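Given next, in structure tokens, is a single chain: the form predicted on its own.
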Amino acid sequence: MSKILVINGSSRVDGNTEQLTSIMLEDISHTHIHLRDYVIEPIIDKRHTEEGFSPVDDDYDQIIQSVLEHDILIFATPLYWYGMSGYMKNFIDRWSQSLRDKRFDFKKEMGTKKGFVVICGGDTPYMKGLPLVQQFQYIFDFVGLEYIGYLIGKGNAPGEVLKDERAIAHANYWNGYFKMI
């Protein structure tokens, strides 16, 4: 199995986020999960109850197992309403459940990994995407995941990111980085 896992939160097949991520990882072995292809139920917060979280019959455990098997996690999401996609938010919200899961030590496991963020948006993403980068940094810090960087691209309609020379140049830079590690 490859050491890089892309967790794509886009609802669009072959959208800007996926296209930019593909350029960044060209000729690099990786695994790709599209959250839109899985059922992840919203969290029912039971962190502070005696019984804790109840098992949920959905695909979350399957995805977390894949996360735990990889060394580098790339969180790729469109900039939806100035935040991460609902698919991505649902997935990360469920980490509260993993933190109390007795089958593993989630923070310890995540502390052995590196995290990277890819964001694409149409409304001034180089500025308006930065709070989302910071949100991911806080999330990574909370679980001990080492933050290694981010890539932002401008694109609204399908394929627009391919015209963003800045994003493509940065994607090529990161491609070289990921090839070296």
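Bear in mind that the values here come from a model prediction, so they are computed numbers and not experimental data. Numbers follow the displayed sequence, beginning with 1.
There is also a form predicted in complex with another copy of the chain; it is not shown, and the following applies to it.
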Report the residue, out of L68, V133, I28, V56, that has at least one non-hydrogen atom within 4.5 angstroms of another copy of the chain in the model of the complex.
-> V133
Can G111 be called a contact residue for another copy of the chain in the model of the complex at 4.5 Å between heavy atoms?
-> no
Spell out, yes or no, whether the shortest heavy atom distance between D123 and another copy of the chain in the model of the complex is within 4.5 Å.
-> yes
Give a yes/no on whether S22 approaches another copy of the chain to within 4.5 Å in the model of the complex, heavy atoms considered.
-> no
Does at least one non-hydrogen atom of F104 fall within 4.5 angstroms of another copy of the chain in the model of the complex?
-> no
Applying a 4.5 angstroms cut-off on non-hydrogen atoms, the residues of 77-97 near another copy of the chain in the model of the complex are Y80, W81, Y82, G83, M84, S85, G86, Y87, K89, N90, I92, D93, W95, S96
